[in-house]
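Each of two forms of one protein chain follows alone as structure tokens, named structure 1 and structure 2.
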Structure 1
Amino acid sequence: MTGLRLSNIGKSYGETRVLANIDLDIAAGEFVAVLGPSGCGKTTLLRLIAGFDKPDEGTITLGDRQVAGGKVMVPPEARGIGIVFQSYALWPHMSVAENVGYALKVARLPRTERETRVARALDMVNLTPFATRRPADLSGGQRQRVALARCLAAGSDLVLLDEPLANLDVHLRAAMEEEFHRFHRESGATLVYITHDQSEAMALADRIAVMDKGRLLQCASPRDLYREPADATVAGFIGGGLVLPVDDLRPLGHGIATADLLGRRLRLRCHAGETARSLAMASTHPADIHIAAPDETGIPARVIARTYRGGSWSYELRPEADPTLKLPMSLPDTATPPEPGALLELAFRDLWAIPLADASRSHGAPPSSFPSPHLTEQFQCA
């Protein structure tokens, strides 16, 4: 079993800084997704872990062996990891069984053991009948499974998956997600799964590391990521989240705070160590906005537009207190939905106070330098 530790990784190509200060600790057997838009540096991160590139700063440790950093640079062939490439990278001149057994051949395992392990790996991905075929004769999903079997047979403790579903049809994806779960269960390997698709990451990973512009913004379980984003970027990225400015944030203890939002005093969830401040950011999701109950004092907002979505109506609203804001809302199917122009009273089912350092950064202020223990804790989770 091999865990993976990245400490303070930095990488530049010429003038372009592609990775900066990446700290990530992945436990043995964990399934971590690295999520971010294209160009965020996630592929560079994978290439550094695999050993195709050398980090400019920081160290990479596999298990208890340092493989990169300082004067150490273990080449990919000596790292003992498995990769499922986006293009699958199946050798076209070898049969399926030869592809799966190549690492074992390189390692000079005896023929009988090789054959047993290849047969077992092919059996696990249900490809036994295809052992003698060439990759060209297989479908996309089958090629994907050959790539998985290749990692299974090699017995890699750490497997990197580089957008493995990007080249597959939508209807195959659900089936392959199940395949990855099974692969994770049966191999017990540590999985690092690179993707730009958050629903994929949510469905598969124990934890998700969110990256943007070469930085690791947050690494947390899917639910924590959704409910307690560490900064405004994560909040806006995950689940179509909304980031709203609030005034006069006051923690009440036990992870609860109050703040002024659009002219109303509201309750928010917050970090245990949250501090009182006059300006803050709160995050919520469209699903958490609803029409206030008759006994509640809601936030007045006017309907700008509505669209029938089949089974529900989606609304665009403008709060009276701040006409520059637009709030989305979904209402159940009804014959008499509120008309555009109507004034509604809104309420929030859930609000989260975005922690300080990053909330201030998103206001354009320079990153604060004072220690914020809860943040460090969040970045180096597990």
Structure 2
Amino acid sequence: MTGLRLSNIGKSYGETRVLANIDLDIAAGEFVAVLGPSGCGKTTLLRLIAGFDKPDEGTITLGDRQVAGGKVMVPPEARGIGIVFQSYALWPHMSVAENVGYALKVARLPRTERETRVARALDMVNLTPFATRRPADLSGGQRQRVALARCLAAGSDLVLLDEPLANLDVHLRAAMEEEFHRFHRESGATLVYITHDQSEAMALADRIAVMDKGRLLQCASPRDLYREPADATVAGFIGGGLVLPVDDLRPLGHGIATADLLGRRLRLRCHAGETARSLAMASTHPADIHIAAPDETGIPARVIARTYRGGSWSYELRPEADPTLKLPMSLPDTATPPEPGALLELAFRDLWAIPLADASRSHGAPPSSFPSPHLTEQFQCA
């Protein structure tokens, strides 16, 4: 199998800086999703890995072989990389089997070997009965599986997937997620999956590389991104997260701290190297907000609106301590759901203190292209 290393990658088109200082190591056999909004640079990154474009700075290494950087520029056809495009890129006049075996034919492999590889690849993606059909006679999901079979037949150790589910409806997407899991498990290939859909990335990838404005913000497992975002941008993006201002952050050791939030002293999780500071940020998620139990420290908040979601209610609340702040909450359907105007005592199941260096960097950074995190006016102007 082939690993991938990107070292200090930079790319500009004219005066527009598209990528800057990208460092990313992907282990052989790993499934990594590159996640970010449109225009963040993720497709440019894919083009550089594939060899369609050359980086202005930095190097790209596949396994132990440098393929780009400095005076080195290995062409796409010599990199041994498989690519699954959003549009599938199938020849309409060829059958499924002919599409899968086309690259092998161009490489002048013996016919017997070509047929064996094609048959094995079609069997792996459950398309053997469709071998003689044309792409026009297939569903979107089946066409996507033809593109995967083409990579399998070619024996690609590294496969790039460029938003492969974007053209499929929601039901086909769910089915194809399992198909990608199976493809990864059975092929053992290294997968780099480009997407703007975080639900896909969270469901599929071993790690997720979050990009914004041409920079890599954080690369971590889906769970670590959700629970321990490195900065406010990641925190406000993953899982519909909330970013809240806290005062007088005091580490207690063992990854625990206390801080003042909306007039109450609360406990937070924190980085092992966290330091005391007067102003900080904490992240949480709507699923972590609930009505306080009698033994919990509650924060008074008033119900502004509610929406029935079928089996549950979504609420919008405004804390009494800061009416400029909106807090979302989801509760199961009950016989007496809180009405708009009701005053509730809220508690947090989980709070994470965003690390100092990243909090400072994010506070002084230009506006992100992600959805804005929920910040009070006080903190935005601090």
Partner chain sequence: MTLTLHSKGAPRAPLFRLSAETIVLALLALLILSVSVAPMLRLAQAALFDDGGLAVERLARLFARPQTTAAIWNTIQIALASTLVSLLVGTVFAVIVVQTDLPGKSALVFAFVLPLMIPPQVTAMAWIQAFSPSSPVLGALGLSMEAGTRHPLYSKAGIILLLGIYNAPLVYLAMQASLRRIPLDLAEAARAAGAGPVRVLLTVILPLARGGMVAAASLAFVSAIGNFGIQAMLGIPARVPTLITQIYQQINGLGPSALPNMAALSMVLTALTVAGVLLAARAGERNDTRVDLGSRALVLSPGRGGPVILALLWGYLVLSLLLPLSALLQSSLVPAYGLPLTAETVTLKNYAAALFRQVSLRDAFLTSLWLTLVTVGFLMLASVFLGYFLTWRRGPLVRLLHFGSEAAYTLPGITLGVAMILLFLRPLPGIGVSLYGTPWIILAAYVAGFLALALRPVLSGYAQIDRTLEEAAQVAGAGFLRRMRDVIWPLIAPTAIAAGVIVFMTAINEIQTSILLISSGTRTIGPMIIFLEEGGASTLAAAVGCLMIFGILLLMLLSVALSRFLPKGVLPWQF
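Source: prediction; values computed, not measured. Whichever C-alpha set is largest while still superposing within 1.5 Å between the two forms counts as the rigid core. Start at 1 and count along the sequence of structure 1; that gives the residue numbers used here.
Q: Determine, for this pair of isolated chain forms, which one is the form predicted alone.
A: The form predicted alone is the one given as structure 2; the other form is structure 1.
Q: Is the C-alpha displacement of E178 equal to or greater than 2 Å between the two structures once the rigid core has been superposed?
A: No, because once the rigid core is superposed, the C-alpha of E178 moves less than 2 Å between the two structures.
Q: Given a core-based superposition, decide whether the C-alpha of E296 shifts by 2 Å or more between the two structures.
A: Yes.
Q: Using the rigid core as the reference frame, would you say H93 shifts its C-alpha by 2 Å or more between the two structures?
A: The answer is yes, as the C-alpha of H93 shifts between the two structures by 2 Å or more after core alignment.
Q: Let me know the CA shift of A107 between the two structures in Å, rounded to one decimal, core fitted.
A: Its C-alpha moves by 2.6 Å once the cores are overlaid.
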